[in-house]
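The chain below stands alone and is given as structure tokens, in the form predicted alone.
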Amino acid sequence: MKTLVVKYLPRGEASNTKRLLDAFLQQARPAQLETLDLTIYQPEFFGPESLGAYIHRNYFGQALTPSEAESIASMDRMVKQFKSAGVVVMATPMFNFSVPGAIKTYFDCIMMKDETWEIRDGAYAGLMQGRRAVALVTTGGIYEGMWASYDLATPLLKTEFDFMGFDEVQIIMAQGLNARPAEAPDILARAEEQARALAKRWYG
């Protein structure tokens, strides 16, 4: 079972989210591990040519010109890598109530019709069955009670993976690290323990 780690951790070693990721991987110790660092390998936005290529090929079954194929080649590579994994671990902070742009753009790249989802009998259907995904998220603010609706990150992450048909999708979040600095070490410790417990359940 190959594990793909997709991470966006611009603070590097100082990242709180990295602590959750380290806790998960230290417990899991996957035999096959591949990492995609979105601070280095940045996903591409759709442009006029690449969007046209995607529509022509994936919606209308048309052959692409060499130029069109090149315009969408980096997205195709990310889709192939994504589909090769049995477990996807996504590590990201929350920015301004949602996921960072690099994470959203990554989903735009890999959520391709007839690759990770399809239209079957007039309805959407995921093609990523038999796989698991976990999103490891940290936030500076607190998104509970009257502020719960301001968390647009975790619903988006769960929706994206659910739409693609993953068998199990988990969200582990350490929130309020800036709002509650005195409690931050305990908040992180609890989230790290949740990450280790999930890794133990998945990997044995």
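The first residue of the sequence shown is number 1, and the count goes up from there. Computed from a predicted structure; not experimentally measured.
The same protein also exists as the form predicted in complex with a small molecule; that form is not shown, yet it is the one meant from here on.
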Query - Heavy atom within 4.5 Å of the small molecule in the predicted complex - residue from A28, L177, L38, I172 - result: L177
**Report entry** Candidate stretches 70-78, 106-114, 91-99, 124-132 - the one whose heavy atoms come within 4.5 Å of the small molecule in the predicted complex
**Finding:** 91-99
Query raised in the report: With the partner left out of view, is G140 within 4.5 angstroms of the small molecule in the predicted complex by any non-hydrogen atom?
Result: yes
Query raised in the report: Would R190 count as touching the small molecule in the predicted complex under a 4.5 Å heavy atom rule?
Result: no
Requested in this report: Verify the contact flag for A184: yes if a non-hydrogen atom of it lies within 4.5 Å of a non-hydrogen atom of the small molecule in the predicted complex, no if not.
Outcome: no
Query raised in the report: Can L9 be called a contact residue for the small molecule in the predicted complex at 4.5 Å between heavy atoms?
Result: yes
